[in-house]
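As structure tokens, one chain now follows by itself in the form predicted alone.
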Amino acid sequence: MNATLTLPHPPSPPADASVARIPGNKGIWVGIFCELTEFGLMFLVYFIARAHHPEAFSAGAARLSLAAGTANTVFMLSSSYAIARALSAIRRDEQRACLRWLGAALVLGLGYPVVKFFEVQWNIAQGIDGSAGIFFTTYYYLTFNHLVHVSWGILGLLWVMARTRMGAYSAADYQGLEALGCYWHATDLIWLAIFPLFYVLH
């Protein structure tokens, strides 16, 4: 008499395979991890400097333009919203709507370096430069590094806009557009940490 051992079958994958996938692609997540690691180290420097020079950080925040910091926060959040709407449109195969939202994201994203330019001009007129003390050295180091990442994101936006116009993305394949969205949102989150640390906390 032969005994038969029946092993349970593993559960079937979900009908919608996209549920379990990583948004964007592995390459962009390596870049995001490097970006977050870089800024994590810079935030560590910020907190060490603040612990050793609390008076300088308290006085320094009061000298920065809260209006400029708030404007850049609005531009970053609004641009991220527009990219999210662009992704929603391409998932419905609406390329024209996607392109319009990407255009809005680009215009809003460009508001960040424009405001930053005038903010720096105002800072310099007030005698606030990198040699004005430990607070401002840290401020310029972090915000200029963030500006570099925003600039890369703007170049990425131009690229995906060109690709969208050429019909490269559809509801079946929008990985490149999604990767740009992941990067832009990560850069946005970093600004949401920078803004209160430099402009709000006294």
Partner chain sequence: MTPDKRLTRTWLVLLALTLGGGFLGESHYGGIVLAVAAALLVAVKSRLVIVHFLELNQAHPRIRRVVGTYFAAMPALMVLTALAGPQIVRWTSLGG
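It should be emphasised that the depicted structure is a prediction, and the values quoted were computed from it without experimental measurement. Positions refer to the first chain, counted from 1.
There is another form of this protein, the form predicted in complex with the partner chain, and it is not shown here; the text below is about that form.
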Item to check | the partner chain in the predicted bound form reached by all of Ala56, Phe117 and Tyr141, non-hydrogen atom within 4.5 Å | outcome: no
Item to check | Contacting member of Ile48, Met166, Ala172, Leu155, with respect to the partner chain in the predicted bound form [4.5 Å, heavy atom] | outcome: Ile48
Checklist entry - Does Arg91 reach the partner chain in the predicted bound form if we count a contact as any heavy atom within 4.5 Å? => result yes
Next on the checklist: How about Arg85 - does it come within 4.5 Å of the partner chain in the predicted bound form, if we only consider non-hydrogen atoms?
Outcome noted: yes
Checklist entry - Could you tell me if Trp159 has a non-hydrogen atom within 4.5 Å of the partner chain in the predicted bound form? => result no
Next on the checklist: Against the partner chain in the predicted bound form, would Thr137 count as a contact residue? Criterion: heavy atoms within 4.5 Å.
Outcome noted: no
Checklist entry - Judged by heavy atom distances of 4.5 Å or less, which residues of 51-85 approach the partner chain in the predicted bound form? => result Ala51, His52, Leu66, Thr70, Thr73, Val74, Leu77, Ser78, Ser80, Tyr81, Ala84, Arg85
